[in-house]
Every structure is written in structure tokens, then in C-alpha cells.
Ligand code: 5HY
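Let's start with one chain on its own, the form predicted on its own, as C-alpha cells.
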């Protein structure tokens, strides 16, 4: 089985981290290929960055489809370009945000999300409403950590995220924590041990869901919303 994991930003070090997290949970025989576009923003922090990341993301989805991969994972917590990617692909396309929300809802009555910057809260809340899971989320929190700070070993990003998790446990009565950025993928195990609470990483969750759908032979529906794009000039 082959799963394509796409980091929609152009930061290669983050792509490598995401790929390592994906391979750590992949089943024997599953080949993980982690890529990022050559064009687009270095990080995705808000709606403006999302818009610029979608063309490069779709190019990588198209390459994966041509190569015959069994599933795609979009490794941006805002689920950037998810609907467009599903329209383009026949193999299942899983967004790490949607995957993490569903996994958390299976494990806990209430969960909180800890993301990077406050500007990302609205997009995450909007997705929770769209997925029908807003009632299960106690709160979406921001650690006020820029995405690229997660790549800097000298930053205080990990400490800030850890502090926000502790606040979520006390103030939100959160029974599980969802990490709201693909760049946090390598933190889940340590944070689970440190805080004694379920911590869900969306990259790992998405990989396992992609494997499951592929193993069941399920493909993206093409009968309605995700019908193939119409042929037309797009400039």
C-alpha cells in the first residue's frame, strides 16, 4: 500500500518531520511518501496563506493520482484544499484536522484543540462546525507559537504548547487534546506522558484512516460534490 503525505507549505524540514511521524505509525508494507510543493507559502497561518498553498497542493495530488497511490493525506491542520483535492482524486483524501477530530471524539466526551496562533482559531472552529463536531470541542486554544518556531530547537514553542494543554485540562475540563498543527506531530507521545491525557496527532490519525479506507477498497465518491472537475480554461 502506498500513502502520499502532502505538506502544503514549502518548508522541507517540516515535511521530513511529518514523514517520520507518518512512517512511525504506518503498517508493515505501507510505503509513506512525504512531499511538499515547490511553490507556495513557507508556512500556513490563516486564510491568506491557505489560498496561496492550494495550487501547489493540487499539483502534488495530481502526481499522486498519476502514480496510483492508495491514499492521500493533507498535512495541514486547517485541511487546506481538502474538498478540491477530493474532487481531483479517486483515492481517499484525508485531512489531518478532520481525522484528529474524529479520533478524539471516539476517545473522549470533550476535547480541546491546541493550535499555533490565534488567527487560526476561526478556521478550525469553522471546520468543526462543518464536520458536525463543534459540540464535542470544549475550546480551540492558541499557544501563540508561529508555525516555523516549531522547527527551531531553541524556541520555547514546546513549553508554550505544554502550558496550554495544562490550562485546557483545568479550565476546559478537556479529556483529550488535539494538536492543531502538523508541525507538532513529533510531540504527541511526550505530551501524553507528561500530562496524563490523550493527545491526538492528526498526521498519525490520518495515516491510519487512509490505510483503513484503502484496505476496505473504498474510493472517493464521484456522484455529487466530489465529481471530477469540468474541462475548462483556468488560466
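Positions refer to the first chain, counted from 1. Please read these numbers as outputs of a predicted model, since none were measured by experiment.
Absent from the display: the form predicted together with the ligand. The rest refers to it.
Only one listed stretch (186-194, 170-178, 43-51, 61-69) carries heavy atoms within 4.5 Å of the ligand in the predicted complex, and that stretch is 43-51. The ligand is not drawn, but in the predicted complex it has a heavy atom within 4.5 Å of residue 77. A residue is said to contact a partner when one of its heavy atoms sits within 4.5 Å of a partner heavy atom; residue 112 fails this definition for the ligand in the predicted complex, lying far away. The ligand is not shown here, and in the predicted complex it never comes within 4.5 Å of any heavy atom of residue 161. Using a 4.5 angstroms limit between non-hydrogen atoms, residue 182 touches the ligand in the predicted complex. In summary, among the residues 93, 104, 147, 157, the only one with a non-hydrogen atom within 4.5 Å of the ligand in the predicted complex is 147.
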